[in-house]
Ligand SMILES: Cc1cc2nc3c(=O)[nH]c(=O)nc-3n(C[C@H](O)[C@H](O)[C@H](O)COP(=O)(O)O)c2cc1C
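We begin with a single chain expressed as structure tokens, specifically the form predicted alone.
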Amino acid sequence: MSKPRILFQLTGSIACFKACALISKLVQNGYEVQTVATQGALEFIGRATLEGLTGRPVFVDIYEPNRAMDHIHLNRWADLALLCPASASTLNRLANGIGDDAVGALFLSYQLNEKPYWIAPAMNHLMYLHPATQGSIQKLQSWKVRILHPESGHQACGEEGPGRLMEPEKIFAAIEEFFAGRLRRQE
């Protein structure tokens, strides 16, 4: 059986470098990975990196020629959507139904009741603990979105606290466990 297809979305965060390590591990283990990046994510890593890791062009702009329906087609293609890293801004936008970029449009057209959508937040601890962000996380969870809660520790800003992206190895293990369980249920 072929490995599942992962729709891997990245937003603007220094943790994009960790996301690249996870993308690489997924591809090395036979997963098909299609990346989607916000303009903010591309400030931290380039299209060439993502395309080099996956062998697929990156989806960035919903108005890009020949990609107008990708927010629909990619959702149908995917077995799991993973937003990693998810910035505070993106979490709050998704929870409020704002779909004016590729990540938002994909989220609004995703079949949350039919397929898994996971979010791995990464941000400064003050942003993570802010009532707006916490409220958005609760709202997203009520819509059946799985939150891969960030870890506590040293952050890029030099401060300590919750908001560090969950380590790529742990996210990979969660993905493997999820699909292994799904395979067992099908047998």
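All residue numbers refer to positions in the sequence shown, first residue = 1. Here the structure is a predicted model, which means the values were calculated and not measured.
If you look for the form predicted in complex with the named molecule, you will not find it shown, but the lines that follow are about it.
Counting only non-hydrogen atoms, choose the one of 140-148, 45-53, 115-123, 64-72 that falls within 4.5 Å of the named molecule in the predicted complex. That would be 115-123.
My question is simply whether A174 lines the interface with the named molecule in the predicted complex - judged by any non-hydrogen atom within 4.5 Å. Although the named molecule is absent here, A174 would stay clear of it in the predicted complex, with no heavy atoms inside 4.5 Å.
Verify the contact flag for C20: yes if a non-hydrogen atom of it lies within 4.5 Å of a non-hydrogen atom of the named molecule in the predicted complex, no if not. Output for C20 is no: heavy atoms all beyond 4.5 Å of the named molecule.
Heavy atom of P168 within 4.5 Å of the named molecule in the predicted complex: Taking the distances in the predicted complex, the answer for P168 is no, it never comes within 4.5 Å of the named molecule.
Would T38 count as touching the named molecule in the predicted complex under a 4.5 Å heavy atom rule? Result yes; T38 sits at the interface with the named molecule in the predicted complex.
Out of 13-30, which residues reach within 4.5 Å of the named molecule in the predicted complex, heavy atoms considered? Stretch hits, in order: S13, I14.
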